[in-house]
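To begin, one chain is listed below as structure tokens, in the form predicted on its own.
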């Protein structure tokens, strides 16, 4: 549990955040300049002007009223900035081990989790952007953190690299179970990774709650105009070479067909991504359709995201949650509203396989 009641003077406004956060992943969203990075720096102890109270896991890190201000090196924070911040004169293995607390097994486990075994002798200059971020994350984990702070770790990467790093972040979330604040501009990342979200605007919390429940808030709706993705975790069930399909079972048991990926072993964990605008809806049963993925479902909620509407859907089978983005005209023509039964159709080629 993290308890925050902090204030920090900034050039344009004061940062004021008062909230309680659980032990999972908290997505921190908001427009540029809203105070997201400053909040992480306050938690890390890098802003001496910060006042208020911070309690992490029952330990008081800051209580300015009582004269308590724990030094940054004593806060057990694993901080991953956008630029990774690796030491250029140290090899990958040395970077990961730098500042590690505890025995060497934690370092070895961090290296294995982030898939760095073949990179240990390289220097940062010989790494790709995605590899540098994986090394920075492994170094943070090896320090035995009580709290992970990730400041837009994927922002500087192109789309293909972002998709390659996301499964590693999921692995860290699920296997290490370290409380994490994850700053991002990407709504899809927050929907996939976070249990809880904070939306900051001008240094204040504009909204807080489950990421899905914040889609209608003005700040998040604005960010969602750039696109929302459905992201599903699952495992490879089978390959059908003749049909050119790989069959994946996602959370809850929902079967999904994607373009064949024969290199993936049966049972291999994967993440599937599909844009909300690629999810097609019908109000009558679908027949004679080329799309390989068709599911019965129900409209659960409707949110305004920019000029479009985003519908939250739930499939009857396995009760998986989907987001579909439609124009207001399409929603009106189909008389779509919460409670209306629908059929969801997605082409196999609309899915991207993240491994």
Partner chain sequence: MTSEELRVVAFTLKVAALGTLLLVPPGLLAALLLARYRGPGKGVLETLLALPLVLPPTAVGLVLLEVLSRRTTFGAWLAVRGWDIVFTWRGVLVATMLMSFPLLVRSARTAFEEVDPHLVGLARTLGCSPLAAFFRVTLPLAWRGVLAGVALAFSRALGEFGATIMVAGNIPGKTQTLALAIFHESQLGRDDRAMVLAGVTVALAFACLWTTEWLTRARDRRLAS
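Residue numbers count along the first chain shown, from 1. Not measured: the values here are computed from a predicted model.
We do not show the form predicted together with the partner chain, though everything after this point is about it.
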Contact at 72, 101 and 123 by the partner chain in the model of the complex, all three, heavy atom at most 4.5 Å: yes
Sole residue of 255, 269, 85, 115 within 4.5 Å of the partner chain in the model of the complex, by heavy atom: 85
Heavy atom within 4.5 Å of the partner chain in the model of the complex - residue from 184, 230, 246, 143: 143
is_contact(residue 77, the partner chain) in the model of the complex, heavy atom dist at most 4.5 Å: yes
Proximity of residue 81 to the partner chain in the model of the complex, heavy atoms at 4.5 Å: yes
4.5 Å heavy atom contact, residue 44 to the partner chain in the model of the complex: yes
Contact label in the model of the complex: residue 105 to the partner chain, heavy atom within 4.5 Å: no
Contact stretch among 170-178, 270-278, 123-131, 257-265 - heavy atom within 4.5 Å of the partner chain in the model of the complex: 123-131
Partner contacts for 302-328, taking the partner chain in the model of the complex and a 4.5 Å heavy atom cut-off: none
